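This document starts with one chain, in the form predicted on its own, laid out as C-alpha cells.
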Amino acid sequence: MRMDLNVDCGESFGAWTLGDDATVLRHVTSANIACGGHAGDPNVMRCTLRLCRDLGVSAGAHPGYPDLQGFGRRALPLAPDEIANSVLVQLGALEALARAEGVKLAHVKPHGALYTRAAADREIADAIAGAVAVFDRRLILVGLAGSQLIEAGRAAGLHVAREAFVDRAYEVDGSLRARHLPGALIDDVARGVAQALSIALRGEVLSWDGARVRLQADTLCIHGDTPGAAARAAQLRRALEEAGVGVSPLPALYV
C-alpha cells in the first residue's frame, strides 16, 4: 500500500512570504508549485524548484486562474480556450525554470477555484486536460478523487492521480465543502490525521455531517499556507508509515 503526500507551495510573491516551504518540503513527497497565476513569481518558483531538487521531492505545476489579488480562489469568467492557454503559459514558465535547475516536472494540479470548477464542469476539465496533454503527455494530472477532472485526464490519455484532503471537510457526494461554509476546514491535527488514515486504509471518509463516503485516493494534500503545516506534515507522514502505508512520490506510483 502506497500513498503520495503532496503540498501546495511556492506561493510567496515579491516581498510577501506565505508558508515555510523549506521546512514543509522535508516531510512530503510531491510539491505543487505556483506558476505565477494565483501566486508565485520567477524568483520564488526557481527557489522552490531548487528546494525540491535538493530534498528529493517530486516537483509539479500548480496553475490557477490569473488572479493574484484573489489568490486564485475566485472563479473568473474565462472561456475554455482561455483557460487552456493560461494553463499552457503557466506550465511553460515553470518548465523553463525547472530546466535551469535540472528538475524534471512530474505532474500538474490546478489550484483553488480552477480546481473546484474542473471537478464539476467537464468542459473546463477537458480544457485543462487538453492543455496538459499538448504540453507533455508524460505529466500526471492530479484532480479531486471521483471528479470530472480525473475522467477528462483519462480521456486525454494521461496518467491521473486521485487526490484527497487532510484539512478539508467533504460533502456526502464526495465534493469538498465550500470554504465559506461552517465546518469546511479541519483545524484539529488529530482529526486530520484520522481522516487521512481512514482514506488510506479503508477507502472512505466521513462527510462533515457524519455520513460514510467511499473515496479512493492516490495522493493526500497538505496546504502549505496553513499555520503549522510543517509539523502537520511530519505528524501525518509518521502516522501513515506507522500504519504500514508506504509514502512515495507520484511518479513511483506508476512504475
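Remember, predicted model here, so these are calculated numbers, not experimental data. Quick note: we count residues from 1 along the sequence shown, nothing fancier.
We do not show the form predicted in complex with a further copy of the same chain, though everything after this point is about it.
- None of Ala120, Ala100, Val172, Ala178 but one reaches within 4.5 angstroms of a further copy of the same chain in the predicted complex through a heavy atom, and that residue is Ala100.
- Between the options Arg73, Arg162, Arg168, His159, the residue in contact with a further copy of the same chain in the predicted complex by a heavy atom within 4.5 angstroms is Arg73.
- Contact annotation: Asp126 falls outside 4.5 Å of a further copy of the same chain in the predicted complex, judged by heavy atom distances.
- Contact between Arg46 and a further copy of the same chain in the predicted complex is found at the 4.5 Å heavy atom cutoff.
- Contact between Ala39 and a further copy of the same chain in the predicted complex is found at the 4.5 Å heavy atom cutoff.
- a further copy of the same chain is not drawn, but in the predicted complex it has no heavy atom within 4.5 Å of Gln148.
- Here the marked residues Tyr115, Leu144 and Ser198 all miss a further copy of the same chain in the predicted complex; none has a heavy atom within 4.5 angstroms.
- Figure note: of the listed segments 226-234, 200-208, 187-195, 64-72, the one touching a further copy of the same chain in the predicted complex, with heavy atoms no more than 4.5 Å away, is 64-72.
- In sequence order, Val134, Phe135, Asp136 are the residues of 113-146 having a heavy atom within 4.5 Å of a further copy of the same chain in the predicted complex; the partner itself is omitted from this view.
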